[in-house]
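Take a look at this single chain in structure tokens; it is the form predicted on its own.
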């Protein structure tokens, strides 16, 4: 598979509507692994990295779920192609800076991916739509088990899996969910939520993880502790907290409808008006306004049929994705802003004007959702 085919369609994690899908964009589990008696990538010589790359790639190629996967050495990727993968949350910004001795392998549906010789010899991730942490862990655990039969992992009987960064020692697992929390932001409650989460050993980050900004009211909530707890305990604690955040967001949405209806109507109307008529718009402003449109869809102001198109705009309006659509020239920021506005107008032309009379609080939980509690 080539990168054009891979990035020509959205990943399954974005196209689906999983449990709590009106608030939870996606669930992801990453595992960090290293080979025994091999220097970590940051200390390894080029020849050593290349040998690790060979071993790990051979093991991944044997996994049945990776048949037909996209695979490429990092030095063979252009800066644009690397940024495309970052914007799709398929590789880290750190891995995008790698070259010889590093590689990426991604399943055809983009739900399973491997970074070879990032900070660790192997970083693998599984991602799916909605709040499905146990399910996504089962996917990545099956792949990890398959690899372990062919790779000699660096493992200590007391400490667990050994990693380049001490904060990952133990399970080597980072589990997270991407949450859309516009009502908590509008109600000025988000800082209280973030502070509470940080106090219990979890962490809240922005759209692209550590060090990034929470643009579009999107927040990643993940575990911070990997040592001293089992994978199941980490996942249970994380899911419990995420369910509480979901409840707070739903309550905040109801309060907006009941007590700040004029403000809510104004925000939705302004977002629709600006995005429907703008001929130039920057990335940050676009994502923040699309967040309000998404909230309007969730609350019934727009038909649900517009959800996928709006969700895809969160990815398709990012700089590298815009540039991908114009291969004949390198666009400057002004040209990207113009193209971004054009794409958004085209999507919103298929969505009718908001009907504020239809604004309703979040729907009651389905039976599918309740089994997670």
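Residue numbers count along the first chain shown, from 1. All of these numbers come straight from a predicted model, not from anything done at the bench.
Just so it is clear, the following notes concern the form predicted in complex with another copy of the chain, a form of the same protein that is not shown.
Out of the listed residues 93, 265, 237, 138, 265 is the one that sits within 4.5 Å of another copy of the chain in the model of the complex by at least one heavy atom. Contact annotation: of the candidates 201, 206, 273, 146, the single residue with a non-hydrogen atom within 4.5 angstroms of another copy of the chain in the model of the complex is 273. Annotation: in the model of the complex, residues 41, 54 and 59 none come within 4.5 Å of another copy of the chain through any heavy atom. None of the heavy atoms of residue 233 is located within 4.5 Å of another copy of the chain in the model of the complex. Interface residue remark: residue 288 is not counted as part of the site for another copy of the chain in the model of the complex, having no heavy atom within 4.5 Å. Looking at residue 278, you'd find a heavy atom of it within 4.5 angstroms of another copy of the chain in the model of the complex.
Contact between residue 338 and another copy of the chain in the model of the complex is found at the 4.5 Å heavy atom cutoff. Only one segment in the set 214 to 222, 265 to 273, 104 to 112, 168 to 176 has any non-hydrogen atom within 4.5 angstroms of another copy of the chain in the model of the complex, and it is 265 to 273.
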